[in-house]
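Listed next as structure tokens is one chain, alone, in the form predicted alone.
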Amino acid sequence: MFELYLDTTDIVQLTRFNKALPLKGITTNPTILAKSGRGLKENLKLCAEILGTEARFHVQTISKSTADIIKEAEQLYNLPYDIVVKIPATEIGIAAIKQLNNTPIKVLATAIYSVQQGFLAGLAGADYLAPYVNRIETMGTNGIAVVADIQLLIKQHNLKSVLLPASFKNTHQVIEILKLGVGAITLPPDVTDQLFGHPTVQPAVNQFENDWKKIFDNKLSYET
């Protein structure tokens, strides 16, 4: 089943969008956590109160060696939540992913900027792959094409990895990525807000209301 995440720990935005969207959980990174001004455990507690006990949280390691990444991943796994450990798809990160492949710990390979990065992380056994769509675009490469190529390789080689693209600037990028059939996606609140908006929607709703009131005043449909 498709998984939708918000790329934030903003409690106000999380509360807002959880009312309308079937959120699987949230994705975080060291920058998001630092900007929140709250530590990981406090953030997870607050987010779990909104999303429920079944929510999934993607949390990134900050260790700098393969051995330390694995130790950090084990500590994250022991937290009382459904944790997916995010590991940057560097050489030492992919080495850690490979070693964690035969454990119960779920892993997301993050900071993917190229097809080869994604494929190597998939070969190492990553459960999720997070290519950075807009960041790839800003480097002058077609981010959507990169995701498409990774998706193709994962399928052709029958790897278990689920693509979870991240880094979006607009709804066009989101829709083009969804058309590729990825299994998951994570969106920042501002782009999520854009998905609900269209300049002609509210005028149309207002017209319906005005036309109704001309005949039925403030009665509801079932009262007429």
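In case it trips you up, residue 1 is the first one in the sequence shown, and so on. A quick note: this is a predicted structure, and the numbers were derived from the prediction, not measured.
The form predicted together with a small molecule exists for this protein as well; it is not shown, and the discussion that follows is about that form.
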item: The small molecule contact at residue 55 in the model of the complex, heavy atom, 4.5 Å; value: no
item: Close approach of residue 184 to the small molecule in the model of the complex, 4.5 Å, heavy atom; value: no
item: Residue 192, heavy atom within 4.5 angstroms of the small molecule in the model of the complex; value: no
item: 4.5 Å heavy atom contact, residue 169 to the small molecule in the model of the complex; value: yes
item: Candidate stretches 172 to 180, 28 to 36, 41 to 49, 63 to 71 - the one whose heavy atoms come within 4.5 Å of the small molecule in the model of the complex; value: 28 to 36
